[in-house]
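The chain below stands alone and is given as structure tokens, in the form predicted alone.
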Amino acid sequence: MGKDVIIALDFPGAAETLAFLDAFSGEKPYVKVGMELFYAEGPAIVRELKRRGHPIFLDLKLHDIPNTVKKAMQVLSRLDVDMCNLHAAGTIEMMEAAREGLTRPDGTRPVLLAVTQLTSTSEERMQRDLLISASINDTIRHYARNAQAAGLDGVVCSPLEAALVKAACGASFLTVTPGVRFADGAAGDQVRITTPAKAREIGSDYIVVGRPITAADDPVAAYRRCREEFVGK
């Protein structure tokens, strides 16, 4: 898999989403469908985006008992998305069940990722609110190793941790990193962030970019700038 920019389609509904994508004439960017859009429109929006030719990261961050997650993944596998995820905090058993549920009868499945810690979570918040006494780097490294042990393909982490995940799990273990902003942009509600160019240098395989593209005066130009900085084209 080559590096790519994934646009976070954080819109309230299908009308806004499709109007946004209509501006990308001749381009079919990789897109992320998160909770807001999926809960508003359901599987229909995923099918429409696939019909239009977009690769899709379905970002629902499943976290439940293993059997429930396994059955949910069996349903999601039928949507023909390219990538989906769950929370690593759900344990190795849950991640193994998810992988089993996601795998189709012919042995194929979407890329499966585990979320380590959200990019809005600082080390202080993690320790205070979640009572995790380890450092955030040690926690993310441990969660990544658990995901690898469960047979997952990679993790969602901040770009600041991409290199340590690669060091712990190997170069082929994917790192998909939100928390990317242009050097001249606002941080928003994320605290562990970097730029597209720095994410490339650190070792991110995919970057997920929302508001710096979707809220830009010229979203297509912002997307192309992001690809130029991260992919080089």
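Bear in mind that the values here come from a model prediction, so they are computed numbers and not experimental data. Numbers follow the displayed sequence, beginning with 1.
The form predicted in complex with ligand C5P exists for this protein as well; it is not shown, and the discussion that follows is about that form.
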Worksheet item: With a 4.5 Å heavy atom cut-off, would you call V208 a contact of ligand C5P in the predicted complex?
Response: yes
Discussion item. Taking any heavy atom pair closer than or equal to 4.5 Å as contact, tell me whether V5 reaches ligand C5P in the predicted complex.
Written reply: no
Fill in: Close approach of Q148 to ligand C5P in the predicted complex, 4.5 Å, heavy atom
no
Worksheet item: Using heavy atoms and a 4.5 Å limit, would one call I92 a contact residue for ligand C5P in the predicted complex?
Response: no
Item to complete: Please name which of the stretches 137-145, 115-123, 76-84, 100-108 has residues with heavy atoms lying within 4.5 Å of ligand C5P in the predicted complex.
Response: 115-123
Worksheet item: ligand C5P isn't shown here, but in the predicted complex which of H54, R200, K70, K32 has a heavy atom within 4.5 Å of it?
Response: K32
